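Shown here is one chain on its own, the form predicted on its own, set out as C-alpha cells.
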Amino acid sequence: MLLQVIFSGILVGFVYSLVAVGLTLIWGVMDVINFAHGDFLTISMYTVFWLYTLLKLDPLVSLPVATGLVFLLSFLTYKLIIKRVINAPGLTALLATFGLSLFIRNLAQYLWTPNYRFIPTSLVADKKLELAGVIIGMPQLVAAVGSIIMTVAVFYFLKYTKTGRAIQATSLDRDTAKLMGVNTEKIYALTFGISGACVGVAGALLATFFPIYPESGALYSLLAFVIVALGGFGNIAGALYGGVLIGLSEALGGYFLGTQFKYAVVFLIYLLVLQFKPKGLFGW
C-alpha cells in the first residue's frame, strides 16, 4: 500500500512540475507573479471538455488545440495587459493578474455554471498497468509522461536554441540584452506564451481524470507558487524536482496523517525549507 502511495505521489508530482515550469519561467524572466496562471489551466480543461462533448474528440487528440489556444491567450494577455503595467511601480502587475484571475473564474462560472464536469471515456480511461504489485492508472501515467516530455522540451529549448538563450539573457539583464540586439518585448511575449503552453498541456492531460469546474486550476496554481519557491525562481530543473517533492509529500502526508492534513504537510515543508534556504533548494 505504501509503494502504491509513493508511485501515485510521484506521478501527480510530475504534473505539478509542469504547471510550476510555466510559472517559474515568467517569474524568472519578467519578475511578474501571474495569479491567473491556474485559470489558464482551467481554460485548457474546458477546451478539451467541449471538444469532446461537441465533436467527440479525445482529450489526447485535442491537446494540441488546447495548448495552442492557451498559448495565444497568454500571448495576448502580455500584449494587452502585462505590457502596460510591467514597468509600473509597486504591485501593479500582480494586481492586474489577480483581477484577470477573478474575471476568468467568474466568466467560466457564468458561462458553464459551477457544476463539476467529467470526460467519462477517453483513449486511456479505465486502463491500468500493474507493476510489482502496484496498480497505476493509465490516465495518471500518461499525464506524468506527457508532463515530463513537455518539461524536458522547455528545458532544451531554453538551453540549446538561439531564442532560448535570448530568453536567458533577458532574464539576467534586460538592458544588456537590448544592447546585444535582443528584442526584449518579443521575448517577454513569447515567454508568456510558453508559460501558457505549459499549463495548456497540463490541463488537457488532467482533464482525463480530474473534475472540470471554474475553480479547477486554483489548487494547481497555489501549489505551483510553493514549488517555484522551493525550486528557486526561474529554475526549470528546480521546478521539476520541487513538483515531485510536493507530490510525494502530499501523498505520504495523506497516507500517514489523513487526507485532511496532506496540504498542511506540504506547506510545513515549504516553511521549513525557506527558513534555511530562502532562495529555494536549487536557487543561487
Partner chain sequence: MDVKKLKFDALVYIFAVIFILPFLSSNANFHHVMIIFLIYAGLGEAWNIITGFGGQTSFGHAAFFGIGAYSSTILFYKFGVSPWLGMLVGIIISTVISAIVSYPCFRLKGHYFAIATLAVAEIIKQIFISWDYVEGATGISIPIVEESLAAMQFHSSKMPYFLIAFGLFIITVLTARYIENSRMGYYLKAIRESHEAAEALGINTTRYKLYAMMVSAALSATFGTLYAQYILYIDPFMVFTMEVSMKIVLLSVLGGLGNIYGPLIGAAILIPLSEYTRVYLGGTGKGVDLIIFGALIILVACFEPNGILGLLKKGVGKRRGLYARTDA
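Worth saying up front: this structure is predicted, and the values here are computed from it rather than measured. Residue numbers count along the first chain shown, from 1.
Beyond the structure shown, there is the form predicted in complex with its partner chain, which is absent from this document and is the topic of what follows.
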Proximity to its partner chain in the predicted complex, single hit among Val152, Leu72, Leu94, Ala125 (heavy atom within 4.5 Å): Leu94
Which one of Val134, Val145, Met138, Ile81 is close to its partner chain in the predicted complex, taking close to mean a heavy atom within 4.5 Å? Ile81
Quick check on Pro89: any heavy atom within 4.5 Å of its partner chain in the predicted complex? yes
Val85: heavy atom within 4.5 Å of its partner chain in the predicted complex? yes
Look up in the predicted complex whether Ala66 has a non-hydrogen atom within 4.5 angstroms of its partner chain, and give yes or no. no
Ile43 within 4.5 Å of its partner chain in the predicted complex, heavy atoms: no
In the predicted complex, which of the stretches 153 to 161, 202 to 210, 188 to 196, 105 to 113 has residues with heavy atoms within 4.5 Å of its partner chain? 105 to 113
In the predicted complex: members of 219 to 236 within 4.5 Å of its partner chain, any heavy atom: Leu222, Phe225, Val226, Ala229, Gly232, Phe233
